[in-house]
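Shown next as structure tokens: one chain only, the form predicted on its own.
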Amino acid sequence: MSAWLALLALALGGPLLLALLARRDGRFWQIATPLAFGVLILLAWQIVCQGFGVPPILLPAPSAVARAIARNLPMLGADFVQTVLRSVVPGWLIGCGAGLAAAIALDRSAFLRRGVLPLGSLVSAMPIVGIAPIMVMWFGFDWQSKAAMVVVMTFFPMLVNATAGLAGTGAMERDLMVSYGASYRQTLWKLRLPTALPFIFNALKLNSTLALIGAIVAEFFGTPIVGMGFRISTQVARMNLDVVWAEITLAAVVGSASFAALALIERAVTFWHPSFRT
């Protein structure tokens, strides 16, 4: 009965608290509102697990996950280094950089654009679980195969978005650059790339999460005895669900932090864009 009462109080008081926070202006309250929502979700999760006796093998309580994180900090740190620093970051940089360079090359040739862009949809539709074993066979069991997997996953989203951004300049702006006698390179650097920046940052933010997913899934198919994907697969087999959720929490924090960092950089670089003028 106490669990039901706690859930009822949370269901009644939670929306009221969020409504009060949402009415306030200022950067602090904009951050406080989603944080309060997250705390309410965790409270409801804790109440359900403890109050209704949910078996930890099905769903561990947030307190159990927090204890698992505190107990396994060195292991989580090693997994972070292996998966994020050695696989995700190099693969993300190479994939996004190559996709942007390919988009600039395709921008010069309509023939290549018509031939290559449809392949982006084809590769994007390929299942990760089908590509990952191939990458492991080609590049070995260490981080190189995971970085290659990340390159495959991030290349075409950047290519498609950057190509659309480069084509997004208006005819009047292009005609003005021609009237100034600007070369293609000058038009590219002073007009087309700045106009394409919102598209490029959309691809960077999307790829920041795709890269993490790709690296973790690739680790299921072969890796040294370290890494977030390796840890999830082995701890599930051992029924240590609290450690699994600790790894999931780490992945969620890393993905959210990278997305937020890129969003802040985007706001600083593309402050002139109409979406940031309000």
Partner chain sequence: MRHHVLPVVVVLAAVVVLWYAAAVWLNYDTAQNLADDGASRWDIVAATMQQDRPLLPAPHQIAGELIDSTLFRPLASPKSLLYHAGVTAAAAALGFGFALVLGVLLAVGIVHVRTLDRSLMLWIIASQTVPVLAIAPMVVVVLGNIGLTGTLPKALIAGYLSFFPITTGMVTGLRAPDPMQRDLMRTYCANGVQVFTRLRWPASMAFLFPSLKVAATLSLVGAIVAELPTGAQAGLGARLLTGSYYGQTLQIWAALFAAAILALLAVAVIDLAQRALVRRRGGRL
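Nothing here was measured: the structure is a model prediction, and the numbers come from that model. Throughout, rigid core stands for the largest set of C-alpha atoms superposing within 1.5 Å between the two forms. Numbering follows the first chain given and starts at 1.
One more form of this protein, predicted in complex with the partner chain, exists but is not displayed; see below.
At the 4.5 Å threshold, heavy atoms of residue 33 reach the partner chain in the predicted bound form. Remark: residue 209 counts among the residues lining the partner chain in the predicted bound form, judged by a heavy atom distance of 4.5 Å or less. Using a 4.5 Å cutoff between non-hydrogen atoms, residue 66 does not count as a contact of the partner chain in the predicted bound form. Using a 4.5 Å cutoff between non-hydrogen atoms, residue 167 does not count as a contact of the partner chain in the predicted bound form. Each of 216, 241 and 259 places at least one heavy atom within 4.5 Å of the partner chain in the predicted bound form. For the partner chain in the predicted bound form, the listed stretch (95-103, 154-162, 128-136, 68-76) containing residues with heavy atoms inside 4.5 Å is 128-136. In sequence order, 236, 239, 241, 244, 245, 248, 251 are the residues of 235-251 having a heavy atom within 4.5 Å of the partner chain in the predicted bound form; the partner itself is omitted from this view. Residue 263: CA moves less than 2 Å between this form and the one not shown after rigid-core fitting.
With the core held fixed, the Cα of residue 18 is displaced between this form and the one not shown by 2 Å or more.
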